[in-house]
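The data below hold one chain only, encoded as C-alpha coordinates and taken in the form predicted alone.
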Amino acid sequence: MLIQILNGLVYGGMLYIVSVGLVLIFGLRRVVNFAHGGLYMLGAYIGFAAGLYFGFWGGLVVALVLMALLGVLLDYGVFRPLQDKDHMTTVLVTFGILLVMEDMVHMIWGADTISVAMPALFDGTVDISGSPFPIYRLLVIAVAIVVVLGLTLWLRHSRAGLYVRASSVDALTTGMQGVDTERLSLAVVGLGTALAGLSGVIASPLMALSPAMGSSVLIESFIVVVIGGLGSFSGAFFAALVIGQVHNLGIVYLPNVSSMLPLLLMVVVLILKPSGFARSH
(Lines give C-alpha, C1' and ligand atoms only; values in the text may rest on other atoms or scores of the structure.)
Protein backbone atom coordinates (compact mmCIF):
# COMPACT_ATOMS: atom_id res chain seq x y z
CA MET A 1 0.00 0.00 0.00
CA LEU A 2 2.86 2.38 0.83
CA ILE A 3 4.37 1.82 -2.62
CA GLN A 4 1.04 2.69 -4.25
CA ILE A 5 0.79 5.88 -2.19
CA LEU A 6 4.34 6.84 -3.21
CA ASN A 7 3.48 6.23 -6.86
CA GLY A 8 0.46 8.47 -6.38
CA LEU A 9 2.73 11.17 -4.97
CA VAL A 10 5.00 10.84 -8.02
CA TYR A 11 2.11 11.35 -10.43
CA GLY A 12 0.58 14.08 -8.28
CA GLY A 13 3.92 15.88 -8.10
CA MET A 14 4.33 15.89 -11.88
CA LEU A 15 0.74 16.97 -12.27
CA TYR A 16 1.23 19.83 -9.82
CA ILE A 17 4.27 21.20 -11.64
CA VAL A 18 2.44 21.37 -14.97
CA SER A 19 -0.84 22.56 -13.40
CA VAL A 20 0.69 25.39 -11.39
CA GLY A 21 2.03 26.86 -14.63
CA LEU A 22 -1.56 26.88 -15.88
CA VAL A 23 -2.63 28.64 -12.67
CA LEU A 24 0.11 31.27 -13.05
CA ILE A 25 -0.91 32.12 -16.62
CA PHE A 26 -4.61 32.24 -15.81
CA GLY A 27 -4.02 34.31 -12.68
CA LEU A 28 -2.16 37.07 -14.49
CA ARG A 29 -3.62 36.98 -18.00
CA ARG A 30 -7.08 35.52 -17.32
CA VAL A 31 -6.50 33.28 -20.33
CA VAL A 32 -7.70 29.67 -20.29
CA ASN A 33 -4.66 28.20 -22.00
CA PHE A 34 -5.59 25.01 -23.85
CA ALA A 35 -2.10 24.99 -25.37
CA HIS A 36 -0.57 24.17 -21.99
CA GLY A 37 -0.50 20.45 -22.67
CA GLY A 38 1.43 21.19 -25.84
CA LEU A 39 4.00 23.12 -23.80
CA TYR A 40 4.42 20.08 -21.54
CA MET A 41 4.89 17.86 -24.60
CA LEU A 42 7.26 20.27 -26.33
CA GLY A 43 9.39 20.60 -23.20
CA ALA A 44 9.74 16.82 -23.04
CA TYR A 45 10.83 16.57 -26.70
CA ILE A 46 13.25 19.50 -26.42
CA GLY A 47 14.77 17.95 -23.30
CA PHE A 48 15.14 14.64 -25.13
CA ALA A 49 16.74 16.23 -28.22
CA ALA A 50 19.13 18.42 -26.20
CA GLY A 51 19.91 15.48 -23.92
CA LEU A 52 21.40 13.59 -26.87
CA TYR A 53 24.21 16.18 -26.91
CA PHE A 54 24.38 17.53 -23.36
CA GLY A 55 23.07 14.67 -21.25
CA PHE A 56 19.83 14.53 -19.32
CA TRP A 57 20.58 17.46 -17.00
CA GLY A 58 21.92 19.62 -19.79
CA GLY A 59 18.78 18.85 -21.78
CA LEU A 60 16.71 19.89 -18.78
CA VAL A 61 18.43 23.28 -18.62
CA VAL A 62 18.07 23.83 -22.37
CA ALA A 63 14.37 22.93 -22.19
CA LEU A 64 13.75 25.34 -19.30
CA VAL A 65 15.44 28.24 -21.09
CA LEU A 66 13.76 27.63 -24.46
CA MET A 67 10.33 27.08 -22.91
CA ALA A 68 10.64 30.31 -20.92
CA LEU A 69 11.53 32.18 -24.12
CA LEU A 70 8.60 30.54 -25.90
CA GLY A 71 6.37 31.71 -23.06
CA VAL A 72 7.54 35.28 -23.57
CA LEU A 73 6.74 35.04 -27.29
CA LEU A 74 3.34 33.54 -26.59
CA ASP A 75 2.57 36.28 -24.11
CA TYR A 76 3.45 38.99 -26.63
CA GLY A 77 1.73 37.38 -29.58
CA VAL A 78 -1.18 35.45 -28.07
CA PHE A 79 -2.03 35.82 -24.38
CA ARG A 80 -1.82 39.59 -24.15
CA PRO A 81 -4.15 40.19 -27.16
CA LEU A 82 -6.52 37.46 -25.89
CA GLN A 83 -6.95 38.66 -22.32
CA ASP A 84 -9.87 40.95 -23.24
CA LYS A 85 -11.50 38.51 -25.67
CA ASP A 86 -14.42 36.22 -24.92
CA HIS A 87 -13.69 32.74 -23.58
CA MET A 88 -14.73 30.94 -26.76
CA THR A 89 -12.17 32.89 -28.80
CA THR A 90 -9.50 32.09 -26.21
CA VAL A 91 -10.32 28.39 -26.25
CA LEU A 92 -10.30 28.18 -30.04
CA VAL A 93 -7.00 30.04 -30.44
CA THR A 94 -5.10 28.20 -27.70
CA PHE A 95 -6.49 24.81 -28.76
CA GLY A 96 -5.35 25.62 -32.30
CA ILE A 97 -1.85 26.29 -30.94
CA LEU A 98 -1.93 22.88 -29.26
CA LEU A 99 -2.75 21.23 -32.59
CA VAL A 100 0.06 23.16 -34.31
CA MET A 101 2.53 21.98 -31.64
CA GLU A 102 1.42 18.37 -32.06
CA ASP A 103 1.80 18.58 -35.85
CA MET A 104 5.22 20.19 -35.48
CA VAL A 105 6.44 17.46 -33.14
CA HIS A 106 4.98 14.81 -35.46
CA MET A 107 6.83 16.36 -38.41
CA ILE A 108 10.19 16.60 -36.61
CA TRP A 109 10.26 13.43 -34.49
CA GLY A 110 7.59 11.28 -36.14
CA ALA A 111 4.61 9.49 -34.67
CA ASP A 112 6.52 6.61 -33.04
CA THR A 113 6.90 6.64 -29.29
CA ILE A 114 10.34 7.48 -27.91
CA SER A 115 11.81 6.08 -24.70
CA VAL A 116 14.09 8.26 -22.59
CA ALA A 117 16.77 6.62 -20.46
CA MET A 118 16.93 7.28 -16.74
CA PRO A 119 19.76 9.61 -15.70
CA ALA A 120 22.61 7.34 -14.58
CA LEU A 121 22.89 8.95 -11.14
CA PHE A 122 19.33 7.94 -10.26
CA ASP A 123 19.03 4.68 -12.21
CA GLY A 124 18.45 2.19 -9.43
CA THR A 125 16.08 1.15 -6.68
CA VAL A 126 15.85 1.41 -2.89
CA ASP A 127 14.08 -0.95 -0.54
CA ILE A 128 10.88 0.47 0.96
CA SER A 129 8.79 -1.83 3.16
CA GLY A 130 10.39 -4.85 1.55
CA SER A 131 9.68 -3.74 -2.02
CA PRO A 132 12.05 -2.12 -4.54
CA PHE A 133 11.19 1.47 -5.45
CA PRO A 134 12.95 3.42 -8.23
CA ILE A 135 15.24 6.16 -6.96
CA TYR A 136 14.22 8.39 -9.86
CA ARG A 137 10.62 8.41 -8.65
CA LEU A 138 11.83 9.73 -5.29
CA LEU A 139 13.68 12.44 -7.22
CA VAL A 140 10.43 13.44 -8.95
CA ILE A 141 8.77 13.82 -5.54
CA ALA A 142 11.74 15.90 -4.35
CA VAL A 143 11.56 18.17 -7.42
CA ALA A 144 7.84 18.74 -6.81
CA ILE A 145 8.57 19.64 -3.17
CA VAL A 146 11.26 22.11 -4.28
CA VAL A 147 8.84 23.73 -6.74
CA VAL A 148 6.14 23.99 -4.04
CA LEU A 149 8.50 25.52 -1.49
CA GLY A 150 10.13 27.82 -4.05
CA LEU A 151 6.83 29.20 -5.32
CA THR A 152 5.48 29.56 -1.77
CA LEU A 153 8.52 31.50 -0.58
CA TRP A 154 8.50 33.66 -3.71
CA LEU A 155 4.80 34.44 -3.60
CA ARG A 156 4.57 34.96 0.16
CA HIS A 157 7.90 36.51 1.10
CA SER A 158 9.11 38.61 -1.84
CA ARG A 159 8.05 41.93 -3.28
CA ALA A 160 7.63 40.41 -6.75
CA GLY A 161 5.44 37.68 -5.27
CA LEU A 162 3.31 40.31 -3.54
CA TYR A 163 2.87 42.06 -6.89
CA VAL A 164 1.89 38.76 -8.56
CA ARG A 165 -0.75 38.01 -5.93
CA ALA A 166 -2.08 41.55 -6.05
CA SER A 167 -2.19 41.64 -9.85
CA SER A 168 -3.96 38.29 -10.01
CA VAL A 169 -6.72 39.74 -7.83
CA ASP A 170 -7.00 43.20 -9.41
CA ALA A 171 -4.52 44.09 -12.16
CA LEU A 172 -5.95 47.58 -12.71
CA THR A 173 -5.60 48.68 -9.09
CA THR A 174 -2.15 47.10 -8.87
CA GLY A 175 -1.07 49.02 -11.94
CA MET A 176 -2.40 52.25 -10.43
CA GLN A 177 -0.03 51.67 -7.50
CA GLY A 178 2.94 51.91 -9.86
CA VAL A 179 3.47 48.22 -10.64
CA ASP A 180 4.36 47.43 -14.25
CA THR A 181 1.77 44.67 -14.62
CA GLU A 182 2.60 44.02 -18.27
CA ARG A 183 6.24 43.26 -17.52
CA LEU A 184 5.19 41.25 -14.48
CA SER A 185 2.77 39.18 -16.56
CA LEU A 186 5.47 38.59 -19.16
CA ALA A 187 7.80 37.15 -16.52
CA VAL A 188 5.06 35.05 -14.93
CA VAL A 189 3.94 33.56 -18.26
CA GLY A 190 7.58 32.69 -18.99
CA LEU A 191 7.79 30.99 -15.60
CA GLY A 192 4.53 29.13 -16.22
CA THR A 193 5.68 27.74 -19.56
CA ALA A 194 9.08 26.83 -18.10
CA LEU A 195 7.32 24.82 -15.38
CA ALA A 196 5.28 23.02 -18.05
CA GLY A 197 8.54 22.17 -19.81
CA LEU A 198 10.13 21.06 -16.52
CA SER A 199 7.26 18.68 -15.89
CA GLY A 200 7.57 17.23 -19.37
CA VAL A 201 11.31 16.62 -19.01
CA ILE A 202 11.16 14.98 -15.59
CA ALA A 203 8.21 12.84 -16.70
CA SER A 204 9.95 11.65 -19.88
CA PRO A 205 11.97 8.79 -18.30
CA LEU A 206 8.76 7.44 -16.75
CA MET A 207 6.62 7.38 -19.87
CA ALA A 208 7.14 7.15 -23.62
CA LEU A 209 7.16 10.41 -25.57
CA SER A 210 4.47 10.82 -28.22
CA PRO A 211 2.78 13.75 -29.96
CA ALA A 212 -0.45 12.91 -28.09
CA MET A 213 1.06 13.09 -24.60
CA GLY A 214 0.11 16.75 -24.19
CA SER A 215 -3.59 16.20 -24.75
CA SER A 216 -3.87 13.58 -22.02
CA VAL A 217 -2.10 15.63 -19.36
CA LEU A 218 -4.08 18.73 -20.35
CA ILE A 219 -7.36 17.17 -19.24
CA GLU A 220 -6.12 16.23 -15.78
CA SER A 221 -4.35 19.60 -15.42
CA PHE A 222 -7.65 21.38 -15.93
CA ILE A 223 -9.28 19.01 -13.46
CA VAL A 224 -6.63 20.00 -10.91
CA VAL A 225 -7.18 23.71 -11.57
CA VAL A 226 -10.97 23.40 -11.33
CA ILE A 227 -10.93 21.26 -8.18
CA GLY A 228 -8.29 23.44 -6.57
CA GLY A 229 -10.16 26.65 -7.38
CA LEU A 230 -9.42 28.88 -10.35
CA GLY A 231 -6.29 30.89 -9.68
CA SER A 232 -5.52 29.19 -6.34
CA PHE A 233 -1.92 28.01 -5.91
CA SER A 234 -2.52 26.18 -2.66
CA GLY A 235 -5.71 24.65 -4.03
CA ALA A 236 -3.82 23.34 -7.08
CA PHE A 237 -1.27 21.70 -4.77
CA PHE A 238 -3.84 19.81 -2.71
CA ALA A 239 -5.90 18.94 -5.79
CA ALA A 240 -2.84 17.51 -7.56
CA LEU A 241 -2.04 15.32 -4.55
CA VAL A 242 -5.61 14.03 -4.43
CA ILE A 243 -5.79 13.41 -8.18
CA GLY A 244 -2.43 11.62 -8.03
CA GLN A 245 -3.76 9.19 -5.45
CA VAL A 246 -7.10 8.75 -7.21
CA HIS A 247 -5.33 8.12 -10.52
CA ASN A 248 -2.85 5.58 -9.16
CA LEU A 249 -5.12 3.71 -6.76
CA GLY A 250 -7.81 3.64 -9.42
CA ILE A 251 -5.46 1.92 -11.89
CA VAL A 252 -4.59 -0.69 -9.25
CA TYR A 253 -7.98 -1.38 -7.71
CA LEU A 254 -10.54 -0.14 -10.26
CA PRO A 255 -8.80 -0.43 -13.65
CA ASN A 256 -12.02 -0.54 -15.65
CA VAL A 257 -13.18 2.89 -14.47
CA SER A 258 -9.87 4.49 -13.42
CA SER A 259 -9.93 7.08 -16.23
CA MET A 260 -13.35 8.29 -15.06
CA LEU A 261 -12.47 8.76 -11.39
CA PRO A 262 -10.82 12.20 -11.64
CA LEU A 263 -13.78 13.48 -13.67
CA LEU A 264 -16.25 12.07 -11.15
CA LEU A 265 -14.29 13.70 -8.33
CA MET A 266 -14.43 17.02 -10.16
CA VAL A 267 -18.21 16.71 -10.55
CA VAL A 268 -18.64 15.97 -6.82
CA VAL A 269 -16.41 18.89 -5.79
CA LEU A 270 -18.22 21.30 -8.10
CA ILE A 271 -21.58 20.23 -6.69
CA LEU A 272 -20.53 20.46 -3.03
CA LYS A 273 -18.05 23.37 -3.26
CA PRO A 274 -18.12 25.20 -6.63
CA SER A 275 -15.22 27.45 -5.61
CA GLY A 276 -12.92 24.44 -5.29
CA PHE A 277 -10.56 23.56 -2.45
CA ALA A 278 -9.38 27.11 -1.87
CA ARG A 279 -10.10 30.67 -2.87
CA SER A 280 -6.98 32.42 -1.73
CA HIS A 281 -3.88 32.98 -3.82
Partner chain sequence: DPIKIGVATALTGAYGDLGNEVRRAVEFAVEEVNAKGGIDGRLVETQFLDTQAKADISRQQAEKLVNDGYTLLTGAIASGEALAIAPMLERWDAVYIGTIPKADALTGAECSPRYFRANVPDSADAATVGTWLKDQPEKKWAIMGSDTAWGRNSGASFVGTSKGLEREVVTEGYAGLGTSDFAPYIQKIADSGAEGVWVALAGRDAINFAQQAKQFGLLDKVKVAGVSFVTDSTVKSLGDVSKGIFGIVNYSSTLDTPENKAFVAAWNKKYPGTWPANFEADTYVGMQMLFAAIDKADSAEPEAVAEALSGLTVDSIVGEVTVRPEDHQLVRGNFFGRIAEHDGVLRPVISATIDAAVAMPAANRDCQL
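This structure is a prediction, so every number in the text was calculated from the model and none was measured. Numbering follows the first chain given and starts at 1.
One more form of this protein should be noted, the form predicted in complex with its partner chain, which is absent from this view; the next part is about it.
Is every one of 49, 121 and 152 within 4.5 Å of its partner chain in the predicted bound form, counting heavy atoms? No, because 49, 121 and 152 lack any heavy atom that approaches its partner chain to within 4.5 Å in the predicted bound form.
*Residue stretch of 67-75, 188-196, 131-139, 144-152 approaching its partner chain in the predicted bound form, non-hydrogen atom distance within 4.5 Å*: So the stretch in question is 131-139.
is_contact(residue 248, its partner chain) in the predicted bound form, heavy atom dist at most 4.5 Å
Yes, residue 248 sits close enough to its partner chain in the predicted bound form that at least one of its heavy atoms falls within 4.5 Å.
query: Should residue 61 be counted as a contact of its partner chain in the predicted bound form, where contact means heavy atoms within 4.5 Å?
result: Output for residue 61 is no: heavy atoms all beyond 4.5 Å of its partner chain.
Consider residue 28 of the chain shown here, and say whether it contacts its partner chain in the predicted bound form, taking contact as heavy atoms within 4.5 Å.
Residue 28: no, not in contact with its partner chain in the predicted bound form.
Taking its partner chain as it sits in the predicted bound form, is residue 42 in contact with it (heavy atom to heavy atom, 4.5 Å or less)? No, residue 42 stays farther than 4.5 Å from its partner chain in the predicted bound form.
Report task. At a 4.5 angstroms cut-off on non-hydrogen atoms, which residues of 88-115 are near its partner chain in the predicted bound form? List them in order. Result -> Contacts from 88-115: 106, 111, 112, 113, 115.
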